[in-house]
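So this first bit is one chain, no partners, the form predicted alone, shown in structure tokens.
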């Protein structure tokens, strides 16, 4: 893998211009595809792949394209919806007719649709935009084919994010300045129709859905249902810390989830929709009353520079993550590989060496490091300088990622 050259894994030219939705911290698709191709070249006897933190399904889509049985887990129902659309696609025999019918419904419902409502909806959407989004929602529900509806819902979720009153500079829910809300153009119907009409061609598939296994929920609990030594390849990018202080996937997703018909989402704990921070609190490190994970590895030296108050959150995340890693090591077949894309976040302006923690966990559970690749993060939406720390000023965000490949003895 090092033979490709120093900057090969940066994929500097890659931009996903046809993304269904710009999900936070999306993995670089061609990088993951190349990783899988190289691993399969050395080990062609791989039949299935697991991503326990699936996100928007980049790894799963790459594995599915290589005819692997895919297993994906994510606590966020929007992430699973996006992954399902990427994997299952839309049926060629119906999609064009469905899009034409969708446009007809939109025309019929103009001026003839009750406003959709949920708590504080007018804080997050202008009245005219609520009216137009309500029309789109009603039109999508009229579609009879569930695969196509799901495709429409993801395009709708992207439209919701674009025309909400939230700032686009952060994944957290912050209301824009009043002037920006008032002067925002409302062409959300046209935006949605254009998105559906241009992107569907990339999602036409003849998919064997028996090869697709997606689960919405806590990775640790779901992984416990997998048999020992049952997975040929685990490939994932785990969260680098608790969602509250790294990437707030839940806050990013909550507004679309409040609009989407729950009947078209995989089954999940609907209490996650009761508070805007609930999904993030249910994610790794979000529960602050979990039992300590008793392991022989010592991570105190990894957090000794962090203040006691902030180190506490890091410890909660580590405890949760250690439990998941133990399950991954259990279900991975002997001789097979765990591939992690990792980043070392900064806490209190000190780098937390997440890569070293994973080396220690690998060593504990009998996994040997086969390769380590370093890549420069390209096209970050988050600024290079982020939150201010008293007496220190702005703090640099991550600029590098590491790909660690471990093999189970």
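Quick caveat: nothing in here was measured; it's all calculated off a predicted structure. Residue numbers count along the first chain shown, from 1.
One more form of this protein, predicted in complex with a small molecule, exists but is not displayed; see below.
Visitor: Hey, in the predicted bound form, is residue 25 touching the small molecule, heavy atoms inside 4.5 Å?
Guide: The answer is yes: residue 25 has a heavy atom within 4.5 Å of the small molecule.
Visitor: Mark residue 50 yes when one of its heavy atoms lies within 4.5 Å of a heavy atom of the small molecule in the predicted bound form, and no otherwise.
Guide: Output for residue 50 is no: heavy atoms all beyond 4.5 Å of the small molecule.
Visitor: Does the 4.5 Å heavy atom contact test between residue 283 and the small molecule in the predicted bound form come out positive?
Guide: Yes, residue 283 lies within 4.5 Å of the small molecule in the predicted bound form.
Visitor: Does any part of residue 321 reach within 4.5 Å of the small molecule in the predicted bound form? Heavy atoms only, please.
Guide: Taking the distances in the predicted bound form, the answer for residue 321 is no, it never comes within 4.5 Å of the small molecule.
Visitor: Tell me which of 108-116, 256-264, 151-159, 69-77 has residues with heavy atoms within 4.5 angstroms of the small molecule in the predicted bound form?
Guide: Selected stretch: 69-77.
Visitor: Identify which of 147, 166, 237, 246 has a heavy atom within 4.5 Å of the small molecule in the predicted bound form; exactly one of them does.
Guide: That would be 237.
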